[in-house]
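The chain below stands alone, shown as structure tokens; this is the form predicted alone.
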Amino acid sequence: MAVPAKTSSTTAWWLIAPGVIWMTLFLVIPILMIVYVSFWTQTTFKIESTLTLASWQQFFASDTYITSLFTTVRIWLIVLIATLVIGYPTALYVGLFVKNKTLSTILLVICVIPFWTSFLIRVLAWRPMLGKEGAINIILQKFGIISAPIEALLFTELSVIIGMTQIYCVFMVGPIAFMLGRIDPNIIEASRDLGAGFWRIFRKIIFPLSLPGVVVGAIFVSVMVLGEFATASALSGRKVNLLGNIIVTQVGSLKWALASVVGVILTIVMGIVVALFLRIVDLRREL
């Protein structure tokens, strides 16, 4: 017996209603409130609901804030490339070369093990590794690779990039390994039978089929890196200011309007980045 179209439509609305209500209450309304507060009048000791562009003008007129915006984008690009360069070969091995599914699952779990500890502990653990008398400098000196400690490893932009790459690399590995695991081995075997070498198979088959996983991983990494503030504070000695650090500072100073301006700009940047990635692959069709 066919279900009437009206009944089917009503059922569909009831099914999506909880999600729509949740997203409206905890995503749409808060974002609209942040946009609204960004136009409030901020004085030294108080904030008023009188609408003004003063906070927006203050942001774009400040070299410090503009520099933080470009620093955030630059570090995001570097970390994104670093996680892809490190994560893709790892995912390729786990998802394609490891034939045993149990072993493949174990390897993925090993990648996730660091997340069993606190995020802050994982960040701070890099300090004794990267310091002048840290493990990395000691090992490099012991093997005669360097004659003096490398000071640039800690409390610099490099240390922030190293920490973020290690922390977020697993978010690139997981989606790519998942997509690689879905590739039919018979397709690769047929390509080999037809005389195709590994690099041609990779270029024509493996990478295109794994591209949705790359896009998903890139979105995960991008959203988290663009919103970062803790890693920069802990590993740069507050020498590297990201947009997230400015938001924390302004909120701590009770400058809600300027913090909202930075939040809106950061949200716009994230939205543009995600939209660009979604134009590469139609995830609804591929996944």
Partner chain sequence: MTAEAHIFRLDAVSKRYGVTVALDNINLSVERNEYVSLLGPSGSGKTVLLRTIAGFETPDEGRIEINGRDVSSLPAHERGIGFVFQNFALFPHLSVADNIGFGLANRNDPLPHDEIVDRVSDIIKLVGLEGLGARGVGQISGGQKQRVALARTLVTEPKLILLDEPLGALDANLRGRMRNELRAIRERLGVTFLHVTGSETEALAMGDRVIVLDRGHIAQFDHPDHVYSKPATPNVAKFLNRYNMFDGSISGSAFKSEYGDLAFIQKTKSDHPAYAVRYDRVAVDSDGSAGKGPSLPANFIASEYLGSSIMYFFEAIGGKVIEVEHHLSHGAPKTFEPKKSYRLRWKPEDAIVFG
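Numbering follows the first chain given and starts at 1. All of these numbers come straight from a predicted model, not from anything done at the bench.
Keep in mind the form predicted together with the partner chain is missing from the figure; the text below concerns it.
Peer 1: Although the partner chain is absent from this view, report whether Ser191 comes within 4.5 Å of it in the model of the complex, heavy atoms only.
Peer 2: Ser191 belongs to the contact set for the partner chain.
Peer 1: Looking at the partner-bound form in the model of the complex, is Gly195 within 4.5 Å of the partner chain by any heavy atom?
Peer 2: Residue-level check for Gly195: yes, a contact with the partner chain.
Peer 1: Would you please decide whether Lys204 lies within 4.5 angstroms of the partner chain in the model of the complex, comparing each non-hydrogen atom pair?
Peer 2: Looking in the model of the complex, residue contacts with the partner chain include Lys204, since a heavy atom lies within 4.5 Å.
Peer 1: Within 4.5 Å, heavy atoms only: does Glu151 come near the partner chain in the model of the complex?
Peer 2: No, Glu151 stays farther than 4.5 Å from the partner chain in the model of the complex.
Peer 1: Only one of 168 to 176, 205 to 213, 109 to 117, 140 to 148 has heavy atoms within 4.5 Å of the partner chain in the model of the complex; I'd like to know which.
Peer 2: Checking each option against the 4.5 Å cut-off leaves 205 to 213.
Peer 1: So the partner chain isn't shown here. In the model of the complex, which residue out of Ile86, Ala135, Ile187, Val73 has a non-hydrogen atom within 4.5 Å of it?
Peer 2: Filtering the options by heavy-atom distance leaves Ile187.
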